[in-house]
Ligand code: ADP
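First, one chain by itself in structure tokens, the form predicted on its own.
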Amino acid sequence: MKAEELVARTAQHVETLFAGEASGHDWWHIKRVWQNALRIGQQENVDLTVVQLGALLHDIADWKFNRGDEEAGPRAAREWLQTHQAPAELIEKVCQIIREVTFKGAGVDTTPSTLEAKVVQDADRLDAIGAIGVGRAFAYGGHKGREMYHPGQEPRLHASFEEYKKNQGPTLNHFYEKLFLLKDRFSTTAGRQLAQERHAFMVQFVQRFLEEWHGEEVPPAAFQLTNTP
């Protein structure tokens, strides 16, 4: 099977699987990551077939929806690609992207091992920030039954993936625990450039949220965690 046909069939498969999903990890999220990955990948010296398949399959069985099983995604991707007689080397590269794309906590280094994985990770992280990132954060929080905000629950910077997995904090804490940190963790030049404006929008949104909640201007210090690594 030609690479173009495999990518097209994979896109159709993933769209069918995730149509109507309501946690912010739906087909439209995956499609945006796919488009972002192509946009970034075209500026880098990468294998665009690997990048496209990695982007399309990066959430095929996310650990968040599979009882914390980190191998659920690579396993599902491998089964799909093997069914379509994809080369073993291509399958391994795609599975490695799925393993490496995930944010695992503020104190965990998740720099990918290949340029293709860096492109997909940056594309995924772009969709986690900005206006769409705000919407997705609250969609996921509602899906998990979490409060939007609780003044008595401070954010935590998780030191390990296991600690991060156990987090049950309010949605607004997620901005401090992950989303605000992403701006400085992009690997590609294009990704870093695109992230700046989206990050600035998120900061403005959270400041406005807190002002409306507390009924007063929130000082800049409110955006700093005392235990920033």
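Values in this document were obtained by computation on a predicted structure and should not be read as measured data. So that there is no doubt, residue numbering starts at 1 and follows the sequence shown.
Keep in mind that the form predicted in complex with this ligand is not shown, yet the notes after this line are about it.
Contact check for H25, D59 and A128: all three have a heavy atom within 4.5 Å of this ligand in the predicted complex. Looking at V50, you'd find every heavy atom of it more than 4.5 angstroms from this ligand in the predicted complex. Among residues of the shown chain, R136 is one whose heavy atoms approach this ligand to within 4.5 Å in the predicted complex. The shortest heavy atom separation between T171 and this ligand in the predicted complex is within 4.5 Å. Contact check for K183: no non-hydrogen atom falls within 4.5 Å of this ligand in the predicted complex. Across the options 85-93, 149-157, 120-128, 72-80, residues that bring heavy atoms within 4.5 Å of this ligand in the predicted complex belong to 120-128. A single residue from the set Q43, Q35, Q196, N167 has any heavy atom within 4.5 angstroms of this ligand in the predicted complex; that residue is N167.
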